[in-house]
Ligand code: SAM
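The chain below stands alone and is given as structure tokens, in the form predicted alone.
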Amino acid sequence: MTTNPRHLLDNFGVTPKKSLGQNFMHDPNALEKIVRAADLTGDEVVLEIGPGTGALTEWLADTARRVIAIELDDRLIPLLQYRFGAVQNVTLVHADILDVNLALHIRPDEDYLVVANLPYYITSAILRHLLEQPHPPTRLVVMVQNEVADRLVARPGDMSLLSVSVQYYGQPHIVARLSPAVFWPRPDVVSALVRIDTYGADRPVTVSNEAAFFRVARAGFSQKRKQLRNALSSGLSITGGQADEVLAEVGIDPHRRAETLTLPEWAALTEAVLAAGL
């Protein structure tokens, strides 16, 4: 049977669902680029999210020690079982990645990578879910929408809650930008391949309370284009005077906007908020 994604889907009576962001990669040069960016040596455990028709899964299985492929769409499970049911180093899991207990599939002492063509409608939630794991991946190589890639690698002056969240856990960089032509059906957007190398315990900033760090960051970004004083006041449910005090404590101008802050400034601001009991 053919491995062409369109023909495979036809053979199994499957029509791509826009609601699931299903655009299946088929271009061998793009697939090779993804695998090359993952720096596989042959001894890795690879977590693949949304294997679809298995085009990337096949490349990963040829190199990695073990591939755990998690697919949400029950219509694609028979197709994937047809292709990989007899492949010993591929484990198929029918589930939503946001609900999967990764500890059931990956030992706490076992390093793993994430390599995936992520569904674009839920990219941010998946990245946060993976990076916030008690046992996070050592690196992620993911295909995302071009605009999301730019947000991931943004520098102070153009930061967002997503860039703060990802850069707290790892260092992202854009490997390549890919044409819509490498997918079927062809999407309306340009895609980008991003690699995120996680820091583990060696993070660039240290905070005493991670939940508070993200609470403060969410508050800062809660009011777009508002000055930090007003955003914090609204987002943390505190007075403008209290916001002024914690900002002054760490030497941050209250008229600045959240997108201009560095990670160390967010960390210092978090500690000031905690010290003030806010």
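Note that the structure is predicted; figures quoted are calculated from it, not measured. One rule holds for the numbers: they count along the sequence shown, beginning at 1.
The form predicted together with the named molecule is left out here; the points below concern that form.
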Answer with one of D73, D150, D111, D197: the residue that has a non-hydrogen atom within 4.5 Å of the named molecule in the predicted complex. D73
Of the residues V141, L118, V90, L131, which one places a heavy atom within 4.5 Å of the named molecule in the predicted complex? L118
Only one of 208-216, 35-43, 237-245, 22-30 gets a heavy atom within 4.5 Å of the named molecule in the predicted complex; which is it? 22-30
Closest heavy atom of I122 to the named molecule in the predicted complex, within 4.5 Å or not? yes
Verify the contact flag for D158: yes if a non-hydrogen atom of it lies within 4.5 Å of a non-hydrogen atom of the named molecule in the predicted complex, no if not. no
Is L104 a contact residue for the named molecule in the predicted complex, using a 4.5 Å heavy atom cut-off? no
Exercise: I97 in contact with the named molecule in the predicted complex, heavy atom 4.5 Å: yes
